[in-house]
Structures are given as C-alpha cells and as structure tokens.
Ligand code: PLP
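A lone chain, given as structure tokens: the form predicted alone.
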Amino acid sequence: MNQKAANDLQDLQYFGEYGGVNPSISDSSTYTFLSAKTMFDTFEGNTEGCYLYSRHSSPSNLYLGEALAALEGTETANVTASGMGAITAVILQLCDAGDHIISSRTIYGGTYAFMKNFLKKFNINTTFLDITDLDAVAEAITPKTKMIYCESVSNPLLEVADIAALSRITKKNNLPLVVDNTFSPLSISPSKLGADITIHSLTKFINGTSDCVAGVVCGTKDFCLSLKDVNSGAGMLLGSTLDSLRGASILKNMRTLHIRVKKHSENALFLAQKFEKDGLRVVYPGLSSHPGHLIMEDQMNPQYGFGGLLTVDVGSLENANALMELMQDKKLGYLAVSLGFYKTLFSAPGASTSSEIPLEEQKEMGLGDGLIRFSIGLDDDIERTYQAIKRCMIDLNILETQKTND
C-alpha cells in the first residue's frame, strides 16, 4: 500500500452516536422517513446520507467500505456477504450473454467452477491460461472479450501476476482488469499497479479471526454505483448483503491488519527458507527460486513482506494426509481450509479448495496430489514451530523420501 493510502486508512475516524470510539452498529433492516418524498428520492438514489433498506446499504457497511477503499486506494468499495458474492456480482455486471472472459488457469476452485460451469447457462465462455504468459494473454483477446481476471498471488500454486503488464494489455484493448487480492492484502496494491477492480474475500486475512464470511469490491464510484443500481445492479439484485454486525466486527479487526500481515509474512519466509534448505519442494514468492520472485519484489510493498502462504509438495496424497493429521495432533495448526487465522491452517488443495478443477487440468497446471497449502500463523517462536514440523516429517520419513526422489 502506498503511503497516502496507508495514511488515509489510519486517519479514518468514526464517532458512535453517543460518542463511542467505535461507530454505532446499525442493527436495523429498514429505516424510517419523515416524508414520503424522501423515501422515493432515496429509492431512486437521489439523496445522500439517507438509508432505506439494509440490502441497499447501511451505515455499518458503508463505514467498512470506506476503510477498504482506503486500504486499496480506490474511490469507493461495496461490501458483500462473501468473496464469491463479490466475484460473481462483478462478472455478471461486466458480461452479457455470449461474452468472453480471460482468466488465470490457477484460481480459487469456486471461481473456476462459476466461470467454467455456471456461466455456460448464459453462453459466457472463459479461456483459462497461464497468466504469467503475457503473449498468450494478448493473443487470447477476441472482440467478445469483456474482462481479464487474475489473482495477485494465485490459489493454490502461488503464481505471481504481473499486474502492471496485464494492465497495459487491458488498457490497450479497452478492457477492465479484475484482480482478486485475497492472498496479498497490504503486500500488493493492485489499483496502484493499474487494476480497475480489486476483490477480496474478507473472510481471510482482512478479518483474520475465521469467524465470518464476507467480501468486497473496490473500484470507481461509477462501477460500484452500477453494482447497487436497483434496476440492473448485480450486487443489488443478487442479494449478497453483509450483515451489519459482521461489518462492524471486520472493521474492528482491520485495525491490526498491518501488524498481522507483517508477522504472517515473517513467519512464512522463515519456514520457506528452512524447508527449502532441508531439500523439500517448497513454493513461496519470497524465495529466489520462485519463478515470480522478481516480479513480486518489483510490485510489492516491502514493509509487509511476501505474504503468509506457502506450499510444500510431499509426493503423494497419502503423505500429505498423514503429515497434516500428525501436525494437527501435535497442536501445530488445524487441518482446515481458508487462511489468515492466528494458527497455521493446512490443506491438500487438490482434494479440497481446488477440487472443482478436473484432475487432468490439475496435473497440467502442476497441482500434484501431494501438495499441501500452508497458511502460516502468528507463532511468536517460529523456530520452535519449524523444529516441531520437521520432527513430524522425520517421523513419517518424508524428508528422506524427498531427498531420495530429488
């Protein structure tokens, strides 16, 4: 995040209606008016500061949206009830029947399934490709292409998108670049690099406590207003509305995001370097061995590190399952999907979060069934954590097997 955006986020202050340091939570689904005309004007979007119905907007969600816009350096932001709620609304707002999408081949399984399977109902087709191959991206554009979609750091292979280069391609072809920045809040600022729309699953790092599901669309005022249009807005009409209580909770958790991201990144880099030195097949953008390392260095905000996600390939699903179960038994984290929690979370994405992608396509993109995705936690003594994980690998003979195979 550039310094201006950092300062904008830090400077946001809201008083509760009784002077509280936290803004009051709007615990209402509907709002009253002193005149019928004001109700009509509000419904038509012709008034400022008036609320009609919480599916349209609420004070709590607007506070959160303003903080997220400051975080990403965009004009405004709309919060949603899930990351998929944000993703699907954006896609359906930008695309009509018969249109075409270009997307990274390695993305969250739910996004992949929506694009490949659900959008067929509307004859919207998606070309999935290696987003790091810029020539392939440019060549895939057709007259029907309406957007290019990628993740800053992809799920689960941790491919790094060259957002600035992709932006040059989209601007040359008058297309929007949509970037899911869920894996790299603060570490990467897509809008600063040329992205038109930035999406997050707030469920993950931004909330950080694994107790709710939410999403956000960060972009221009015009686009975000179009999403909320009562007649044609996908965000409005699909009804993915975030509860005000959850909106207020996420806003409070955002205050520690900068501290948490730094610690997640610090711990992940430490473990990645140790695992690589041990001879394991580890992927982490902070390692010089990562194909996208130089791009990541060029576009990241260095004070926040390379992110909290890494992968280790232990050769087989049997090895992966045994290791994850043992690590959980040793209280080193949880065998669970999602990310950004204070404890380390680990899963085999081929059998979980990427299971929507057919096995043959998983193999083509390099997603082996022995791959474990780690969302590294906030451990204070990361050396102790490393030694404990290493003992688990030794007990299961994984380290020796990997060295022999290499």
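As the structure is a computational prediction, the values presented were derived from the model and not from experiment. When you see a residue number, it is the position in the sequence shown, counting from 1.
Missing here is the form predicted in complex with this ligand; even so, the following discussion is about that form.
- Site residues I87, E151 and L339 are all in contact with this ligand in the model of the complex, judged by any heavy atom within 4.5 Å.
- Here the chain stands alone, but in the model of the complex its contact with this ligand, taken as any heavy atom within 4.5 Å, falls in 203-211 among 190-198, 319-327, 96-104, 203-211.
- Proximity of N78 to this ligand in the model of the complex falls outside the 4.5 Å heavy atom cutoff.
- Not displayed here, this ligand is approached by Y108 to within 4.5 Å at the level of heavy atoms in the model of the complex.
- In the model of the complex, this ligand lies farther than 4.5 Å from every heavy atom of E72.
- None of the heavy atoms of T132 is located within 4.5 Å of this ligand in the model of the complex.
- With the partner omitted here, the residue from Q273, S249, T127, S82 that has a non-hydrogen atom within 4.5 angstroms of this ligand in the model of the complex is S82.
- Of the listed positions (T170, N155, Q299, N267), a single one reaches within 4.5 angstroms of this ligand by any non-hydrogen atom in the model of the complex, namely N155.
- Residues D180, T182, F183 are the members of 168-185 with a non-hydrogen atom no more than 4.5 angstroms from this ligand in the model of the complex.
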